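First comes one chain, alone, set out as structure tokens in the form predicted alone.
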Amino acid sequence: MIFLSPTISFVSAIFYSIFISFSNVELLYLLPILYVLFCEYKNIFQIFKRLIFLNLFILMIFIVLLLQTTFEEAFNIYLRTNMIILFNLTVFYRSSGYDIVRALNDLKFPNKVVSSIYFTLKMIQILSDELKSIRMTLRARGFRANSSLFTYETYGNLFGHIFVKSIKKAQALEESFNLRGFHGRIYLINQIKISYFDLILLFLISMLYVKGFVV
């Protein structure tokens, strides 16, 4: 597989998404998607599996648009949405989420923005692990979700527990960073490393903008 720089992937995702959002679909616009799929050729099956899952929700949007507008317009929006999602799924498939923090840091975003996103991802990771732990506990106790009052009470207790846990974890994280002398900036050791593959991706994205400007 080919590794793309997190910073270039982040920039490409933003510019590609913006371009596709305001353009009618053409075959040329598939080139960046085909290229990133080539870079992730070993994970193509898993990427399309996620795309099919997300299409359950996109199809609902398509049906609503179909009722309000013409078929051509609804189908065009459906294709554009899928193209944007597929591109982003592919470039961030191997990302842990913190790559976005590194990209924002490399792009010299304000320290508060970088720190806020870092702590948000940190809390999502902590609560996700907590939720998995609770689900395993419920399964071990033989819990089966259904439409009974007991199920609703269990889910209510679960969300309440996670809410309280999130507050405690946030306070613990704040105290931990205060003790370490945190003053609003997250220090990251990575540096921008741009390869030929990153330049090819940038070229393909730039080509779309040049084509759109000329035509």
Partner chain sequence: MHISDGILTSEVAIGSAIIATSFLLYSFKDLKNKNIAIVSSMSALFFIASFVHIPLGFVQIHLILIGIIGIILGAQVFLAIFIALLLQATLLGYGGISSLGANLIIMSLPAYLIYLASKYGFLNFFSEKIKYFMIGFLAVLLSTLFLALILALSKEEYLYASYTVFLANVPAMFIEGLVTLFLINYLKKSIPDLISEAKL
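All figures in this text were calculated on a predicted structure; none of them were measured in a lab. Positions refer to the first chain, counted from 1. By rigid core we mean the largest C-alpha set that fits within 1.5 Å across both forms.
The discussion below concerns the form predicted together with its partner chain, not included here.
This chain appears without its partner; in the predicted complex, the one residue of Leu173, Ile47, Leu188, Leu31 with a heavy atom within 4.5 Å of its partner chain is Leu173. Its partner chain in the predicted complex comes within 4.5 Å of no heavy atom belonging to Ala103.
The closest non-hydrogen atom of Leu149 lies within 4.5 Å of its partner chain in the predicted complex. Using a 4.5 Å cutoff between non-hydrogen atoms, Lys42 does not count as a contact of its partner chain in the predicted complex. Although the partner is absent here, Phe75 sits far enough away that none of its heavy atoms falls within 4.5 Å of its partner chain in the predicted complex.
Residues are counted as partner-facing when one of their heavy atoms sits within 4.5 Å of its partner chain in the predicted complex; in 167-189 these are Ile167, Ala170, Leu173, Glu174, Phe177, Phe182, His183, Gly184, in sequence order.
Positional change of Ala74 between this form and the one not shown reaches 2 Å or more at the C-alpha, relative to the superposed core. Once the cores line up, the CA of Leu27 ends up less than 2 angstroms apart between this form and the one not shown.
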